[in-house]
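In structure tokens, the next block holds one chain alone, the form predicted alone.
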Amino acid sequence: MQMTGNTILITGGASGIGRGLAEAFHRMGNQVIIAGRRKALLQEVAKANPGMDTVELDITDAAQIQRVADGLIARYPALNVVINNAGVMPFDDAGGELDDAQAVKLVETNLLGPVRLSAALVGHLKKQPHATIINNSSVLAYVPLAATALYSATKAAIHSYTLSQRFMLRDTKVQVLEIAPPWVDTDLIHKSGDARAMPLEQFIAETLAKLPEATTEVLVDSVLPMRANPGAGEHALVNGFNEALAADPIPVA
């Protein structure tokens, strides 16, 4: 991926990994536009980073996605990078009752949001000299966390969709990359300083170091053993992973 001279849209760009990426790309001289639902927080980030732009976007609203995409193309004809980062991570119980409203919001945010936004912008991206779509999945796409079963499933779906999207765009100038973060210490769940969580600054630095040469996936080193989920040994690995976290749960408050 070209690291400078881009016009970059980042969803969920007002906090966590999205903000970390936005500020890093902004410092490198790119035009960055952050999108999110919380206007005050968007403005706070833009104020701290003069020249960064913002756009309000509810990633669960298909009609709004199309309107925002059309507006961005008109305002930023050089837009050439889309980072699908917005996401939510509620806990659930795959062995119990379903909170249907929570489940629908989760799927619309984590799966349909990136799909819809990419579809709304891909025609424009194909016209650029070079363009990149980055989909933010998770290590849980490969090794699901049972306590967030549907979240893990949406990330597995994003990984699968990215494989298909990359194939379908193989003869265009649009590169498709996937970032699969480990547990990063952000407010996605609860920013706690837990020693098992990767510090955000370290994650951003390692990800940016790998992006220039990436062709498919962008994986920090700590993710590699879980990405190499060993086929027939998958069930033992998944069960051991979840048993370890069940014995020492992730703090949620």
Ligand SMILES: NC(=O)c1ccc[n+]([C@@H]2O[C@H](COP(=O)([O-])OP(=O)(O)OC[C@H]3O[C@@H](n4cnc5c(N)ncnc54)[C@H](OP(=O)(O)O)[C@@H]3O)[C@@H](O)[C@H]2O)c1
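The model shown is predicted, which means the values in this text are computed figures rather than measured ones. Residue numbers here begin at 1 and follow the sequence given.
From this point on, the text means the form predicted in complex with the ligand, which you will not see here.
- Taking a 4.5 Å heavy atom cutoff to the ligand in the predicted bound form, the contact residue among L211, V184, V223, V68 is V184.
- Note on the partner interface in the predicted bound form: the residue among E44, D194, D58, D53 having a heavy atom within 4.5 angstroms of the ligand is D58.
- Although the partner is absent from this view, N80 stays clear of the ligand in the predicted bound form, with no non-hydrogen atom inside 4.5 angstroms.
- Contact between S138 and the ligand in the predicted bound form is found at the 4.5 Å heavy atom cutoff.
- At a distance threshold of 4.5 angstroms between non-hydrogen atoms, S152 is out of contact with the ligand in the predicted bound form.
- Contact annotation: A131 falls outside 4.5 Å of the ligand in the predicted bound form, judged by heavy atom distances.
- Here the chain stands alone, but in the predicted bound form its contact with the ligand, taken as any heavy atom within 4.5 Å, falls in 84-92 among 165-173, 122-130, 69-77, 84-92.
- Shown without its partner, the chain has G36, R37, R38 in segment 35-56 as residues with a non-hydrogen atom within 4.5 angstroms of the ligand in the predicted bound form.
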